[in-house]
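Below you'll find only one chain, the form predicted alone, shown as structure tokens.
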């Protein structure tokens, strides 16, 4: 097991190293942030001084080696706009994005698995067909349009839920979060539903396909022959076996919830990393863009490692196959 984890961790570090190179050079060849930061009435000498203060007057190779040296010291550069460490800005906004992604993932699990199970166990029923139709809509509707419709219906027309903002922020285990108060849950509900819609549809289809395949397996037939109740067959034999692919996909999808929450955070004015990234792109704040991508890549690597560990615990054949190779 230790060798399995060590091998996966080494692969993750290699991915991070490659992404650092690609992201740095990919971001630094686009545009010139100096012309966004300076005033139109500045002289050439003043513009050159701004470029020198930001380190943009040095060759790109030298900038890269300075950047790598900063990474080894725990720094990812200083924001051109805010003048503070870029990693500090990312970490300041990270709790808001993580809590939004966690609630969206929770909604995908709580809503998607029961609906998918029902659709798989009763595929020819009218409710099952309705569930699959709704899942197709979840895949098809654009996120920004769904977000606007949620605001229009539940905030403007009905006035039930707030359209923007995070709500009052408290602390849980030293981590700032809005989920410790009722107002925080009220504020997060609409953006979480908007972010989770695609994942709910994905989980429904995964659970349905897994359930339809599992009911035909011999272990389910033997369980029925032994006289086990339907609840035990579904809850123990079917659900346990379909959870392996669902856990794998949900682990990867949690990373995508964090990385691609930009649209949802922008529509609902959610103060997370995605909104910070959009502002950094508009202002060509290169250190913030690079820091954001590197943090997200590290998050993906950590999530993948955790998924591999959970997968190997659920299915020991994974560890055996790794040992054989």
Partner chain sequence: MSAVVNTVREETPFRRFVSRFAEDRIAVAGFVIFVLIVLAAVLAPLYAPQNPYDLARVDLMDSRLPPGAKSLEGFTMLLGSDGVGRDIFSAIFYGLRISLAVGAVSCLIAASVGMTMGLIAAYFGGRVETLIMRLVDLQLSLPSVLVALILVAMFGKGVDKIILALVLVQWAYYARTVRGSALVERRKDYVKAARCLGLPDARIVFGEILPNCLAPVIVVATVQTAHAISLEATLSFLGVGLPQTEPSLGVLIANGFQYMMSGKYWISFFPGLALLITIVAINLVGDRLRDVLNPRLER
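Please read these numbers as outputs of a predicted model, since none were measured by experiment. Numbering follows the first chain given and starts at 1.
This protein has a second form, the form predicted in complex with its partner chain, left out of what is shown; the following refers to that one.
In plain terms, the part of the chain that comes close to its partner chain in the predicted complex, with a heavy atom within 4.5 Å, is 135 to 143 out of 238 to 246, 72 to 80, 135 to 143, 85 to 93. For the candidate spot formed by 163, 259 and 293, every residue has a non-hydrogen atom within 4.5 angstroms of its partner chain in the predicted complex. Under a 4.5 angstroms non-hydrogen atom cutoff, its partner chain in the predicted complex has residue 15 among its neighbouring residues.
Contact check for residue 282: a non-hydrogen atom falls within 4.5 Å of its partner chain in the predicted complex. Its partner chain is not drawn, but in the predicted complex it has no heavy atom within 4.5 Å of residue 288. Using a 4.5 angstroms threshold between heavy atoms, residue 67 stays clear of its partner chain in the predicted complex.
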